[in-house]
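Next up is one chain by itself, shown in structure tokens, the form predicted on its own.
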């Protein structure tokens, strides 16, 4: 059976509910901004967000009041500075309190692999001798039955829904991802449901041998959303908008400016195409 090809609005309305655990992955590029904005438009709330490197898309979701918890490794505006809406939520509980679970990149990757492998926890040679276990009770350890070595463990990550952006899908719902993939495959396979937005739908993926293809039977819905990773980039389609990332520091610095921007460019637009028209008509 083929994967349904839906509009992004339909995919989010069908598969994402308030209170769920949600992962939006994509490392450096292919960050699913369009999906994040649709979550804001539909007013999703009380989400437990997961991401290896929460950046602008999670700053926007947190500032819009969609999140109650965040599991992450390193959060910031790449190359610029802090995420002001994330900091405001943690330090001042605005617009609502935010529970944090912090990991290293390696631990997040191990936890996704464990979830994708249907294992209860992941292991890594890290954390021992650091102070993070004192702040994250989920970090524990086991003793190797073969060598006696003490190895750090982290609980498996199994999102209710993972959302990815990719370059292409075919009409059966098979998804082809090119470029830096980070933990996209593992996050998708660990989830109960997987939504993928893509730049285009094609008759034949023409995927070369050993490339990353997510098979249609693990994909719950595909939505064709050109530019869906903007302002991050999609290899082979468009470049990263570095000016947007720089401008975001001022936009998000205070609550009023952030709220006005979200109301105008996200809540005030009907879809991602409308968002792109909106921000390109003014300086971001």
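Positions refer to the first chain, counted from 1. Here the structure is a predicted model, which means the values were calculated and not measured.
Another form exists, predicted in complex with a further copy of the same chain; not displayed. Remarks below refer to it.
Student: Any chance residue 154 has a heavy atom within 4.5 Å of a further copy of the same chain in the model of the complex?
Tutor: Contact check for residue 154: yes, within 4.5 Å of a further copy of the same chain in the model of the complex.
Student: Report yes if any heavy atom of residue 95 sits within 4.5 Å of a heavy atom of a further copy of the same chain in the model of the complex; otherwise report no.
Tutor: No, residue 95 stays farther than 4.5 Å from a further copy of the same chain in the model of the complex.
Student: At the 4.5 Å heavy atom threshold, is residue 149 in contact with a further copy of the same chain in the model of the complex?
Tutor: The answer is yes: residue 149 has a heavy atom within 4.5 Å of a further copy of the same chain.
Student: Quick check on residue 201: any heavy atom within 4.5 Å of a further copy of the same chain in the model of the complex?
Tutor: Residue-level check for residue 201: no, no contact with a further copy of the same chain.
Student: Listed by sequence position, which residues of 198-232 have a non-hydrogen atom within 4.5 angstroms of a further copy of the same chain in the model of the complex?
Tutor: The stretch 198-232, when checked against a further copy of the same chain in the model of the complex, contributes 208, 209, 210, 211 at the 4.5 Å heavy-atom cut-off.
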